[in-house]
Every structure is written in C-alpha cells, then in structure tokens.
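Listed next as structure tokens is one chain, alone, in the form predicted alone.
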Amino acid sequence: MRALLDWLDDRTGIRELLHEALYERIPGHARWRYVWGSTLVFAFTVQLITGVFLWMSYSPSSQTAWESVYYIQNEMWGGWLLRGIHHFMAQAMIVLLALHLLQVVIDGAYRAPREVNFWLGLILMKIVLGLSLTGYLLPWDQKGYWATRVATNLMSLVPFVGTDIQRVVVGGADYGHHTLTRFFALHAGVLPGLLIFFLVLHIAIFRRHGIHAKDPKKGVETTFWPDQVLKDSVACLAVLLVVLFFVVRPALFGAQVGEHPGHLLGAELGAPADPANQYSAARPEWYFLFLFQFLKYFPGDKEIYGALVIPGLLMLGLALMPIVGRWKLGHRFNVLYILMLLLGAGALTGVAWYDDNMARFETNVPVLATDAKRKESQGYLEAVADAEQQTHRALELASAPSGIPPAGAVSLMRRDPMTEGPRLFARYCASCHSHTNPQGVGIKAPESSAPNLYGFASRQWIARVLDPAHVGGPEMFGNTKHKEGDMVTFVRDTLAKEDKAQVAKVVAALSAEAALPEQAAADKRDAAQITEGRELVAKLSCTDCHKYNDEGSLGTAPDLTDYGSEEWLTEFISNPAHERFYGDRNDRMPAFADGDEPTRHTIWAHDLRLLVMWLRGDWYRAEGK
C-alpha cells in the first residue's frame, strides 16, 4: 500500500495537497462558528449526488415529468428517501446560507483583503436561490406550476426588456413543455456548473487569505485537522439528521405509512399540473414568502418597486459592505443592516403565513384582520384543502391497477368523475341546486330553488322524497312550482297513511333502479325486499302518475323505470321537458343537451357523463376505501 501511495504521490503530489488542505492554520483555535461554510459545501455535495441519481429516472417533459417523479417517489426502491433528502437539503442550504452570511458579517470576514471573496459569496447565494426557484417547477405539479407562473411574471416588470426576458425563460408566450425543459437545463446544468465554478474560486481565495478569526482570540492557534474537521463533521451530521427528520416526519408522528410510503414520506408531490385548472393557493416556497408578502404593499404600477427597485437596492447595500465596513462605525452599521434584513424577512414571512391562516383562529381571538382579509384567508384555506384532496386523488388514480395512461397523469384527473364532477356541478347546476351533506358541507347554491342533489337516487334521498315532513321542504320541492303539486299532496295526504314498512320497501325498490355502486352490497342483500317493493309501486298508486315498467304512462311525471341510472340521468339532464320526465310540467330546468346537434348543447357529452357519474357516486375507489 505504501508503495502504491508513493507512486501516486510521485505522479500527483497528493501528499502535499492533502497537507495543505488539512493543516491550514486556524488562529484562535477551532470554533463552532466556523462550521457554516463547510456545512454548505456538504449540503451542495449531497445535492449533487442525489440530483444525479434523480436525473437517472427523471423525464423532463410536460407529459412525463410528473409521471417520472411519481415513479421515483412511489415505485423506485428508496426513491422517496432520495427525493426527500434532495428536497429538504435544498431548503437547509437556504438556512445555512443565512447563518454563514450572518457569521461572516458579524466577524468582519468581509473586510480587506477578503472583499472579492465576499462578493463571490453573494454570487453563490444568488445561484443557490436560482437553483431553488428552478427546482420548484420540475415535479410539474399544480403547486410548482402556478407558483412559478407568479414568480416568472415578475420578470416582465424589468423596463424595456422584461417581456423578452420572460419569453426567453418561459420558452414562448405560454407555460408548457419548453418552460420545463429550460428550467431543467438551468437546474441540472447551467446553475450547478456556475455554482461549482464560483465555489472553487471562493474556496481558493478563502485559502489564500485564511480564516478571519474574530478578536479576542480564545485559544492557541491550531490547524484544520483534527479539531476543526471534527467540529465541521459533527455539524454536517447534525444537518443530515435534521434533513432526515423532515423526510420521515409523518411516520415519527404516528402516521400510517401503508404499502405506499412515497404517498406520505419524502417530498410532497401534488396533483399533476393542469393549465386549465387554476391553483388559487399558489405560493412560493417559504424562503421566498417574504418577497411575496413584500409585493403586496406595492399594488398596481408600483409593483416594480417591490419586485425590483427595493430588493435591488438592498442587494447593493450588501455588496457595499466591504467598503462601508472599513471603519468601525461602518462595520457596526453592516451588522445592524444584516440583522434588520434577516429580521425583516422573518417578520414578512410570519405576516404572510398569518394572513393566509388567520381564518383558522376563532373569531373571538383578537386578530389584526379586516373581514376582507379573513374572507381571503378562508378562500386560501379552502383552496389548500381542495388541492390536498386533488393530490390524494391523483395518487390514488396513479396507483390503480390500470396505472397512468400514455396521455399522462393529467388525463387521469380530467377523466375522473370525483375530480371533475364538483366543478361541473358548480358550473351548470349550482345556480339552483345545492349538493350538501346533512352537516351542510358541500356545494351550496347562492339561493337554492331546487332539490338538494346530495345522494341523488340513494335510499336516503328517495326516503326524503316520500317523507311528508321533507317532500315540500326547501331540501326537496319547497322552492319549486311543485311545492303545491300532486306529488307533494299525494305524499302528505295519502302515502303518509300507508304502512311505513311498505313505503320502505318501495324506497329500496326505486333506489335499486339506479344500481348505485355504493349501494350494490345493500341491494344484493335486500333482494327480496326490493322485489316486494317493485310490486308495491303500483299498489301504492305511484303509477297513477308515473310510468314504472309496464304500469302507468308517460307525460305526467318522471318515468320511474331505471330511475337514477346512468342512462336515465343522462337523458333527464339532456332534456327534463321530454315526455319521459316532466313534459309540460317542467319547472325551470333547461335542456342541456337536447337534440342531435352537439354544437347547440350547453354541456359537452364528455362533461355530461362525468357529471352524471359524479351524481351517482360512480368512480374508481382504491381497495379498502
């Protein structure tokens, strides 16, 4: 071994290099305050290693990015751990940068002859922030997509060339495949290359001038090895442990990981990016949140001051520190300046968080909020809850046996009744109908004037229709012209006198016509009761108005044959005034897809099918849900 080392040293001079690296002088002995630079190099090294392995499985296109990240997170062995370390180490770098900058300024390590090295450090800081910004988009999920749109829109504020810069970065007039590939090239190629280049310069100049020891020196001079190496190693280990804590935090706090650890552990992966579905809760990552909040104080045409002018002046103030700090008073000013900057950024971050979350607090807690701000906060929290629901649904669909189709994960969401149904209902139905559960949760019509369609055609829903106490109430026909109609009168005056057990059988029979997926087990179990109920439909005089199989006739009330089935509901929404349904007695419900000319339809056939399936609760459910 010694002969091999001698040979290697003869060819490379490695012993001298190691000696220079390990036996650098440390005036005043090794100290914990010197560890931040080393932890930053450690964090960047971890990012390089994990980034290369992520790159091996990542596919940078708008149709494959989310899918490949899903694969890394959920299918690749240890992928969630790899991605989690990369994600949280990137955030740790921001914290370490702030600590390193604070230590350098307080110790006066930016003063002559270290001015150039300080400026190199500021360049490195900007590159790290650029890496964080570009990496945010790469999963191609809703959160990253819409937050990046907000961030890149600021580029257009640059006078004269802002729009051109934005188009170059975005890769065109709109966000899409070219945006993703450019951000990936920046994140995995350009910025790491620049960071390595400037880091080498930074370290080389640092070695030229050595450590700046803050006076008074508390110990005798030593060398980098072993004392400072030990402290740096402990600090790096602590950083890694903190990062690992955040990677597995849900499991540590009792969350059930299950067979898909990637759904819970590691870095978050939201629903796939969908330009047609705006994410109202789009926010930058926490380390850019202060800037997001700062911009709120510069509305309209003043935004350029909050986005460019003032941040630019503050950065100029940092760059001038080596000049200002030549004098003792200037150094004190610099220390105060950096403290105020960090405290200000922290305060703005806190205000931003509070503004978004104030609606969580009880209304009797004193808060500095107007009703408008509280309403805005409520909207944000609802958007976050909706985004979380979409995230869970996207992961559930992607984990289904059929997997992700060639058209991409976003098509899963667009074809999913559970996802699209509420939007379609809000768009087409909620001006009259509500869809709220007994607790009042769901989609509320501004002024409900038609039956609440939650659980439509289920036993509970039909039981309310045949209940004298509910049939004429606001949840059913109370706000329609049928309020005093034959149906309400029949239920109150005639059906109310019938045997409740027989009415229950009719309810089961009519609901079974819908063949609702959630009721399949109950329908199978109650087959005998349903058969009796079918016979009772005519005996209880329902067919005096309604048609039901071979009994009754059309034209006076909705056909009860296949009531609530996909075909029945599709035809009903298409034209409720058809003789099979209300005919001339139709109240105000319009025909959404009447006739054979699709261009005249209010709703497309694809959307109508999704709406019908959602109303029927007919969508994919993972086993056990």
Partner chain sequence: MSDEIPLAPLPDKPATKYSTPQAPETPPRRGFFSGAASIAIGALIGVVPTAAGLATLFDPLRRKGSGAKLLRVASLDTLPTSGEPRAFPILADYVDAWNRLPNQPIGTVYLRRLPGTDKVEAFNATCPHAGCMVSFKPERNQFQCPCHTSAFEADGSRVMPCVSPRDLDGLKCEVRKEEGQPVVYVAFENFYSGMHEKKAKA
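Remember, predicted model here, so these are calculated numbers, not experimental data. Residue numbers count along the first chain shown, from 1.
There is another form of this protein, the form predicted together with the partner chain, and it is not shown here; the text below is about that form.
Among heavy atoms of R609, none comes within 4.5 Å of the partner chain in the model of the complex.
Proximity of Y287 to the partner chain in the model of the complex: non-hydrogen atoms within 4.5 Å are absent; the residue sits far from the partner. Shown alone here, L295 lies within 4.5 Å of the partner chain in the model of the complex, counting heavy atoms only. In the model of the complex, the partner chain sits beyond 4.5 Å of every heavy atom of H433. Heavy atoms within 4.5 Å of the partner chain in the model of the complex map, among the stretches 222-230, 105-113, 459-467, 486-494, onto 222-230 alone. Scanning H212, R283, R534, K126 against the partner chain in the model of the complex with a 4.5 Å heavy atom cut-off leaves one residue, R283. The contact residue chosen from N153, T543, S399, Q529 relative to the partner chain in the model of the complex is N153, the criterion being a non-hydrogen atom within 4.5 angstroms.
Annotation for 418-443: interface residues with the partner chain in the model of the complex are R427, Y428, S431 [heavy atom within 4.5 Å].
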